[in-house]
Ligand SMILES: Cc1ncc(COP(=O)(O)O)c(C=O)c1O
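Consider the single chain below, provided in C-alpha cells and representing the form predicted on its own.
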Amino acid sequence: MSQFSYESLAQLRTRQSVKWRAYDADVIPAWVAEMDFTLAEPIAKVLTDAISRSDTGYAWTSDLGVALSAFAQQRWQWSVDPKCVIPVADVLTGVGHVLLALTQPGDSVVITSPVYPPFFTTVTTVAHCEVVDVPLVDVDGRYTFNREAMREAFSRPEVTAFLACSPHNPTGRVFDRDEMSFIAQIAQEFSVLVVSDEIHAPMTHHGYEFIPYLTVAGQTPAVSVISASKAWNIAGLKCAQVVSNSKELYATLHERIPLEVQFGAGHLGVLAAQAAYFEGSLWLDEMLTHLESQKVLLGNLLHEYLPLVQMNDPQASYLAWLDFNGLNLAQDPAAVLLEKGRVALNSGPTFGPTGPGFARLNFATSPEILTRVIEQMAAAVR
C-alpha cells in the first residue's frame, strides 16, 4: 500500500505556511521550496504523539547524529561519525556560523551562480566575507564547473573557502565523482575550506549518484551541512546537521559556534528528522518516483504550451530552472507571469548575474496543478 499522496488545490489553500499566504488567493504558488504532499506517516505519528503528551520542550539531540549516520550509510555508503555532528536550526544558519568560525572578516568565499539567493548575503552579512562568484557553465544542457576559472579563484590568497551547493539549487545538477574530486583536488592544493550545502541530497533522482563531499575531501578541512527538511517537507520544524570530516574540526566548531546556535534545533524538528532518517525511506522513494514523473510531465507541457522555454533536466529535487530568453520577457519573467498569469515562480535575477531571463519553478505538486500552472503561464505570454 502506497505511503505517498498529494492534496488538492482546495485543501492546500487551507495551509498557513508562507507558500500559501504570501500571494493573493487567486495566485497558484510554484515558488518556495515547500511540497504539496501529505506528511510521511512515521513523521506524522511522531509529531502527533508528541503533541498528545504535551511534549514540546527543548530538543534532546543525542540520537540525531546516529539517525543521520544510519541514513547516510544506507543511502550513500557514507560513514558519518555521530560524534562529529552539530545540530542547528537550519542549513543556512549552519553555513553562516561555520564560515564565521573558520574564516576571517574580509576573506573571500567562492560561490557558483546561478545559486540559492541567500548564499550571497550569508557570505557577506553573516560571515563578513567577500563573494567571489564563478558562474557555472552550461555545456550541452548540463551545468558544470568552469574548471579553469575555479582553479584561478582558488589560487587567490584572499580566497579561503568555497560554499558549494550539491546537489545544486536551482539547476538540479548532481555533480558526478569526477567533478567533486576536482573540487577536492584544488581545495587541497590551495588549502581552501569547502562548506557543502547538501540539503537536496536525499532527493537525488533514481539513476543518479549523489557524492557526499566529505567522502572525497581527504584530509583537507571540510564541512557538510544537511537536513531532512526539504526531502520530507518539514522545514518549519527547524533541524539541520553540521558534519565535520575530523574530530579536530568538530572540536573547533563546537568551541566557536555559539551555544545558542547549537541549541537552536527545535524539539519537534529533531523528532521529525530522526523519524525521517530511521523510517522515512519508503515514503521518500515513492515521492521521488512521483517527482520523476512530474519532471517528464513538465517537459511535455513546456513542449506543448511553451516550446520556446528551455529546461535543463534536473537530476535532484523538485526545482526546474527555466530559460525564458526565447520569449523576450525582459529580465524577470517571474514578474510577468505573476501579473498576467497569476502564477508565482522565483525570480531568476535573484540567483545572481546569470539569472536574468530565467525563473525557478517548483513542480512538487499534483499533475493537475502542474498542468494548470503551465496553462496559465502560456496564456500570460500569448
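So that there is no doubt, residue numbering starts at 1 and follows the sequence shown. This structure is a prediction, so every number in the text was calculated from the model and none was measured.
There is another form of this protein, the form predicted in complex with the named molecule, and it is not shown here; the text below is about that form.
Stretch 198-206 is the answer when you ask which of 198-206, 308-316, 173-181, 151-159 has residues with heavy atoms within 4.5 Å of the named molecule in the predicted bound form. Site annotation in the predicted bound form: the residue of Y116, W232, Y277, Y213 reaching within 4.5 Å of the named molecule with a heavy atom is Y116. Think of it this way: in the predicted bound form, the named molecule has a heavy atom of just one of V91, V223, M287, C84 within 4.5 Å, and the residue is V91. Although the named molecule is omitted here, in the predicted bound form none of V80, N245 and L249 has a heavy atom within 4.5 Å of it. The named molecule in the predicted bound form is approached by C165, whose closest heavy atom lies within 4.5 angstroms of it. The named molecule in the predicted bound form comes within 4.5 Å of no heavy atom belonging to L47. At the 4.5 Å threshold, heavy atoms of N169 reach the named molecule in the predicted bound form. Residue contact with the named molecule in the predicted bound form: L338 places no heavy atom within 4.5 Å of it.
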